[in-house]
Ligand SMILES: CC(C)(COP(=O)(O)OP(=O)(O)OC[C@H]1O[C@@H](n2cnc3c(N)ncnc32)[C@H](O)[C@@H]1OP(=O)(O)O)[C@@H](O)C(=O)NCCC(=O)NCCS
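Just the one chain here, the form predicted on its own, laid out as structure tokens.
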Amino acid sequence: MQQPELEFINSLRQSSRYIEQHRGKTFVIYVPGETLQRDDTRKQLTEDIGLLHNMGIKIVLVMGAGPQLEAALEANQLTWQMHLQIRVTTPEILPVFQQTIALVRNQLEANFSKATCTQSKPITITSGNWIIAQPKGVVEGVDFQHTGKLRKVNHRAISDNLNAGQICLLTPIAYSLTGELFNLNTFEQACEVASAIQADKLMVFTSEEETVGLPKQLSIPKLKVALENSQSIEQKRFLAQILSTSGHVKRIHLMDKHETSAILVELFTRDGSGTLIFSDRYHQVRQAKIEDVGGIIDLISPLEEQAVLVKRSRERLELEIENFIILERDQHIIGCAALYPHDGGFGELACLAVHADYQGQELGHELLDAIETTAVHTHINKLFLLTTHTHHWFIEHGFHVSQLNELPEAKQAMYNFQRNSKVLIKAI
């Protein structure tokens, strides 16, 4: 079998569980105007969204049109007035605004019609007056005029359309209860709609300026730290909006707006292509079971070959599996550790390992915390370990270098002088 075929089979195996997990779920996808400017990226995006739609995923698509509006205003010798980094939409701008949004929407709908040819079922896209707007009003003496903000979401109407098999499209245009037209910030609109309909995922195509310095996964506490540490006003506003939304949407995906295919990589591979912000538990630490032995072997074998860990046979792992905990992400074991009780209130920490692809995310610390919690519950008050490579990390986490004669006698008798392991102990 050729390498491309093997890669395809491995990708299919990895994606199969995600296809089933995502079926029937509701995603809000925010697409900025930059992503829709070029024919090729717009074509690719609509084909990929059509694929998701025909997999049974319910989609609300929120489109921006920033650069298209800039070009149209320049062609008509008009400019935006800005206040607090927000555009003021004047009555003179309004006709150009309406025409430009209509053009971008028409291009998008045309691409969806064309994408139907690549799918087994027709792709239908619809929109309506589901967003009730209100004026942004006067701020610091500046009247924002036809620049508005979201007042209310008709989530029932959106849900009815999704359940009828439609892709729902939202644009920057929204109306007030008095019939006035307003220009809404589409990113904010996407976040508020995702919250209102309690979407399973919010997927945001965004810029490098807004995501610079962010890791591939962020819990809510770490998102708050990133917001506090950000030096960019643009990024602070972006992260603050994401943080507000995270209270209602469990998974928020941030993707490069110049890579339209990122949406498939993000959804159907284990590590995705961008940054995942999660308010639920993206991974779990749990007691190991006999069925986990194969995954533990896959995890620790490279470290055993490097002599970082003592080699363990499958038979030994099966016999000692009750001593192990594992760290699991999407049914894939990415970390493990073991605790062996000894006399005198001692417990031995062994086989602490984190997969190389996931190091640097404090997962080792999470495993250590779980081991210490277990130790306390089983009346162990001193942890010890033997290591040849990573003693500095353990010292940073409260262990101190000790002597062999400080260990339980049974462990002293089993000490391998050829390995010359350092002895570390921590009181808990």
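Think of the rigid core as the biggest set of C-alphas that the two forms share within 1.5 Å after superposition. In case it trips you up, residue 1 is the first one in the sequence shown, and so on. These numbers come from a predicted model, not from an experiment.
The next section is about a form of this same protein that is not shown, the form predicted together with the named molecule.
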Would Leu227 show up as a contact with the named molecule in the model of the complex if we use heavy atoms at 4.5 Å? no
Can you tell me whether Val308 touches the named molecule? I mean in the model of the complex, with a 4.5 angstroms heavy atom cut-off. yes
Counting only non-hydrogen atoms and a 4.5 angstroms cut-off, does Leu303 reach the named molecule in the model of the complex? yes
Can you work out whether Leu352 and the named molecule are in contact in the model of the complex, taking contact to mean some heavy atom pair no more than 4.5 Å apart? yes
None of Asn381, Ser402, Gln359, Thr373 but one has a heavy atom within 4.5 Å of the named molecule in the model of the complex; the exception is Gln359
Quick check on this chain: which one of Gln68, Thr387, Thr35, Thr26 has a heavy atom within 4.5 Å of the named molecule in the model of the complex? Thr387
When the named molecule is placed as it is in the model of the complex, which of 364 to 372, 47 to 55, 60 to 68, 26 to 34 ends up with heavy atoms within 4.5 Å of it? 364 to 372
Quick check: Thr387 between the shown form and the other one - does its CA shift reach 2 Å or more after fitting the rigid core? yes
So, superposing on the core, is the move of Glu210 at the CA at least 2 angstroms between the shown form and the other one? no
Core-aligned, is the CA shift for Val249 between the shown form and the other one 2 angstroms or more? no
